[in-house]
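Before any questions on binding or motion, here is one chain by itself as structure tokens, the form predicted alone.
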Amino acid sequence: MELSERKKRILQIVVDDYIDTAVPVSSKGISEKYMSNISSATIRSELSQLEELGYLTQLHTSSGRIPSNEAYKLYVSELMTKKKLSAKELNYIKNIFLEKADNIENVFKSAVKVISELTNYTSLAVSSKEDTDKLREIKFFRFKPETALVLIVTDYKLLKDNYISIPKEMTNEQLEEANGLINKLFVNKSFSEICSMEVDFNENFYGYKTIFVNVIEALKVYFFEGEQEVVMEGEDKILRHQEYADVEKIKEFLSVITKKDKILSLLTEDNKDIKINIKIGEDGYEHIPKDCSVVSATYTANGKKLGTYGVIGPSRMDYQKVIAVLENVGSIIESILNKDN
């Protein structure tokens, strides 16, 4: 059923007021605060109809109404007005990322912190893995006589903790020479290009073929088998919202945010655009805790996916603020990183 403009306005008022106060909204309150030109009885009738349509609920017969998940869905898709961040908030975001722009890992972690601080909700992020990332540098460090630590620098990542086997009799000078050769072969090539390379080594460099193969295997393990990084900030902020005075709800919330696979299922998206994705309530979505919502955005820079960032909080979430923060953080990150490349 298509809602009349008056019903939509009343529903918008109920959602806005409930998000702001966490108090059920009454017809008298709507009439006194927002629609003084309409009688309380008329508003009461509209509220009853909205309840019958599934947009509102009552905790008990004498209480005001609260929004249902369907109300929140309609709110974010049609009724919500766009919110702008203050100049102070925008400057805060810009200053944080200008300080961290030299290191994409710092940018990744700073984004999560900024989002949590500005929204006052638990924020989450999942790093991306793309085979189009280009390699910038490889550096070998002898760790043991037959083992070398390999640091791999790409467009947007520093891959650490990679170890490869090397010939025991190889000198440090030869290892350095092999390092230079590998860089000549690999630098400015994408993961997919490197992993499909076949190189004929001449007699002088045949002993380095093992290193070449082992480096490619390390890259394949990272890209095809390595885990995506998950970062979280403000896990305890859910306790600031009165819906989570219930111990069972807290347990359910923690059972999701402490499991990496569940976070990945909530945030992983295929879209590379800075596009807002809103999941309201547990109905139809796996792993969303009861009475919770997830709002996320996938960020890119120079056409490359950086990761997916978002917040998880009560369904009574300040969607206007959350969306404004996610959009502005994404735009600022993108502009800074695009400028630096």
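For every residue, the number given is its place in the sequence shown, counted from 1. The structure presented is a predicted model; accordingly, all values stated were derived computationally and were not measured.
One more form of this protein, predicted together with the DNA, exists but is not displayed; see below.
A single residue from the set Ser26, Ser68, Ser296, Thr300 has any heavy atom within 4.5 angstroms of the DNA in the predicted complex; that residue is Ser26. At least one heavy atom of Leu47 is located within 4.5 Å of the DNA in the predicted complex.
Contact check for Ile38: a heavy atom falls within 4.5 Å of the DNA in the predicted complex. Although the partner is absent here, Gly64 sits close enough that one of its heavy atoms falls within 4.5 Å of the DNA in the predicted complex. In the predicted complex, the DNA lies within 4.5 Å of some heavy atom of Arg6.
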